[in-house]
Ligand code: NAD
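Here's a solo chain for you in structure tokens, the form predicted on its own.
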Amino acid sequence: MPITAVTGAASGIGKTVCETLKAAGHRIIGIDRNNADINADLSTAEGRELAVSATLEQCQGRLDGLVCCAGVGVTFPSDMIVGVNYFGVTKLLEGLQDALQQGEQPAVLVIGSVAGNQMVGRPHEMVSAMLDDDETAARRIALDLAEPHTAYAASKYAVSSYVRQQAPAWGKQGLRANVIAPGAVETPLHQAAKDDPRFGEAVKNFVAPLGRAGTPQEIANVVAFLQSDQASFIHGSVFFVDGGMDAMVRPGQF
């Protein structure tokens, strides 16, 4: 039975991923701020250290999979968006890498976002701070800018770039890693964005070509495939599960 840790396990995409992977035969170690096997705040260094140490204890130093679903959106402070969406992922990947190398056909999956592609042409300076592992600078830039939507796009672009940058070295160690970039998905996080007085109208009006938002199960289905033996030669890729949003916005780039 593969052992897989899932962040953001208590709600939204993460909760459905846990249910789907359990049905596929995984033993799940759920991580979230509350109501999980491991309760830890991934916006802080202390919370990340707790998540890593508790996961290592529960998996006894051997982990077959890690799915990073935890994330916050535009209704949160900009510095927290950077802290959770980027450093809350990379620090767990680094802290659990040795345990993953002990696993059987280990695989990592990170939930990015189609919004990250807003940064493809000209990444914001906070992206460089994140990729330089300078959390203090990245948080300061995000706070000074005071644009949560920019911090969100930058964090998702940066974390996707991080996975792709690490892919060559991880692949040589037998560790697969991929990114899913969802579009709008009907989760509590998305509902909060729709209800937000600043961003609500824009969120409601940005509709995928398929004419609707996705469901957590549609994302979880792709997660389950990428974490399975059926995806054994897929590594370092970004998969858009967005109803056609990326194709609509960037038809000439892929």
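Residue numbers run from 1 along the displayed sequence. All values reported here derive from a predicted model rather than from experimental measurement.
This protein has a second form, the form predicted in complex with nicotinamide-adenine-dinucleotide (NAD), left out of what is shown; the following refers to that one.
Discussion item. How about A129 - does it come within 4.5 Å of nicotinamide-adenine-dinucleotide (NAD) in the predicted complex, if we only consider non-hydrogen atoms?
Written reply: Output for A129 is no: heavy atoms all beyond 4.5 Å of nicotinamide-adenine-dinucleotide (NAD).
Discussion item. Residue-level contact is defined here as any heavy atom of the residue lying within 4.5 Å of nicotinamide-adenine-dinucleotide (NAD) in the predicted complex; does R176 satisfy this criterion?
Written reply: Judged by the heavy-atom cut-off of 4.5 Å, R176 is well away from nicotinamide-adenine-dinucleotide (NAD) in the predicted complex.
Worksheet entry | nicotinamide-adenine-dinucleotide (NAD) contact at F87 in the predicted complex, heavy atom, 4.5 Å | F87: no, not in contact with nicotinamide-adenine-dinucleotide (NAD) in the predicted complex.
Discussion item. Is R33 near nicotinamide-adenine-dinucleotide (NAD)? Define near as a heavy atom within 4.5 Å, in the predicted complex.
Written reply: Although nicotinamide-adenine-dinucleotide (NAD) is absent here, R33 would touch it in the predicted complex, with heavy atoms inside 4.5 Å.
Fill in: Candidate from A99, L93, A167, A184 lying within 4.5 Å of nicotinamide-adenine-dinucleotide (NAD) in the predicted complex - any heavy atom
Contact with nicotinamide-adenine-dinucleotide (NAD) in the predicted complex is made by A184 alone.
Worksheet item: nicotinamide-adenine-dinucleotide (NAD) isn't shown here, but in the predicted complex which of L63, C69, I29, A220 has a heavy atom within 4.5 Å of it?
Response: Result of the distance check: C69.
Worksheet item: Of 221-229, 184-192, 53-61, 204-212, which is the one stretch near nicotinamide-adenine-dinucleotide (NAD) in the predicted complex, taking non-hydrogen atoms within 4.5 angstroms as near?
Response: Result of the contact check: 184-192.
Practice prompt. Sequence order please: the residues of 31-45 with a heavy atom within 4.5 Å of nicotinamide-adenine-dinucleotide (NAD) in the predicted complex.
Written response: Read in sequence order, the residues that approach nicotinamide-adenine-dinucleotide (NAD) (within 4.5 Å, in the predicted complex) are D32, R33, A40, D41, L42, S43.
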